[in-house]
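What follows is a single chain, given as structure tokens, in the form predicted on its own.
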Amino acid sequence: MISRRRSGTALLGAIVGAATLGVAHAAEPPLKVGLLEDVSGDLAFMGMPKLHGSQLAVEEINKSGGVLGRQIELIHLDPQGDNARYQEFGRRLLNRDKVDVLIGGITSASREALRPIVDRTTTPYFYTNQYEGGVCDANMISMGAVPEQQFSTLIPWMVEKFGKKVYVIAADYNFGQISAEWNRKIMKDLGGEVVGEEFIPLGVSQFAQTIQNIQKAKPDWLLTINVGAAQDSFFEQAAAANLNLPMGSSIKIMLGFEHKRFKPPALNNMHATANWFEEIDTPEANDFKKRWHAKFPDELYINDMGYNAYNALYMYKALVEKAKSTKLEDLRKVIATGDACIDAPEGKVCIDPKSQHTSHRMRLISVGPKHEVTVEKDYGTIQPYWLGQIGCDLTKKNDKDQYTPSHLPSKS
């Protein structure tokens, strides 16, 4: 009788214990993802797809079981294009919310406002835009294309196709300035000539004088690296003035989807080299687009920022699951193996261990008179090789610097 009661007590204890374990498992804390993306202000049209791409990835990952059995909690704040807010919100997410990973930033200025704050922590930071390149920072993983993937393909093609004289219209902050520096270097190497450069403050929307300057300089083509809704007014004004010059860009079409926002033929004869644009026609890309538009049926265009934001969550998932940890040092050990990759809608995307930038399949695209997009050339996969070539090696040393053609690592 006593023995039977003891057995019953043990059985009851086992049931209670199992239930307790079940509750503990169910109460596994979520992975906190901090997201800083502009969804209001001059850059909102580019930022909204970034929020949507993040939301789609989180929904899919959570439905499939999460990351190491943990659900993702997405905490989004809107800095409204204000770099001071980026810093304020970055501190809030890192110090108060204790996020496991920080993602976001639209402009390079916003990224550089965030980086010193992130670098005082051990939190990984994903920057999801194409940009002017050069950041060598162990906390940062870059998911977008960089100059050796874009300018090193686009500019030689434009020179061969249209001529050696280029006029540059650039946003007046670090993205535009460093991108223009890259153009000067490549044009010099090609024996070309920069016949004019204009650096335009964000928010400027009147371009009559710029158009007159271009007409006077007589370039063969334009490099348009202007940024934001206001500066994009240039295209309609140039079309109205019958400027009719070929244009090249590292951000137009796939990022700002101007060919969808403006009536033809404002973007006619625009060219860009991109890892993603919605017109890609492959089974993988079409499946991705179908899922995106099912969730966001009113999305005008899936831009490369939104696409890269989506990939960032899957790359983070892959790193955490391989590392079996969310700690930055453990994630970086996975990256150092050279096998930090995901199968993305564009194809396989991998993180380069030296620079922590990603490989991409690059295509050169053009816009026709009815704003139809044509693939002019497929370059295949291009590695982010430049930082490694000049001496950035995050497997050995954390530089926490941004390099450019005129600012290279010291050889000491």
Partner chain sequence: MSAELFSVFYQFADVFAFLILSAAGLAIVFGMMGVINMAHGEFIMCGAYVTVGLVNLGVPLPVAQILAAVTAGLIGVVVEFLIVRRFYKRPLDSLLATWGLSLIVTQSMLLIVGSAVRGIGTPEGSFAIGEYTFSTYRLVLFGCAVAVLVGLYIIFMKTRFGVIARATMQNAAMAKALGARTGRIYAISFGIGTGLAGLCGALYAPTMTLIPTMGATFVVESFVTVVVGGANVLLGTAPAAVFLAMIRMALNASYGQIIGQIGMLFAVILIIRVLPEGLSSVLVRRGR
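Fair warning: this is a prediction, and the values are worked out from it, not measured in the lab. Positions refer to the first chain, counted from 1.
We do not show the form predicted together with its partner chain, though everything after this point is about it.
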{"item": "Among the candidates V373, L364, V349, A44, the residue which, in the predicted complex, approaches its partner chain to within 4.5 Å (heavy atoms)", "value": "A44"}
{"item": "The unique member of T337, Q212, T282, T122 whose heavy atoms fall within 4.5 Å of its partner chain in the predicted complex", "value": "Q212"}
{"item": "Triplet D172, E198 and A230 all within 4.5 Å of its partner chain in the predicted complex via a heavy atom", "value": "yes"}
{"item": "Distance check, V204 to its partner chain in the predicted complex, heavy atom within 4.5 Å", "value": "yes"}
{"item": "Contact label in the predicted complex: R261 to its partner chain, heavy atom within 4.5 Å", "value": "yes"}
{"item": "Proximity of A241 to its partner chain in the predicted complex, heavy atoms at 4.5 Å", "value": "yes"}
{"item": "Proximity of Q237 to its partner chain in the predicted complex, heavy atoms at 4.5 Å", "value": "yes"}
{"item": "One stretch from 36-44, 57-65, 373-381, 349-357 that, in the predicted complex, holds residues within 4.5 Å of its partner chain by heavy atom", "value": "36-44"}
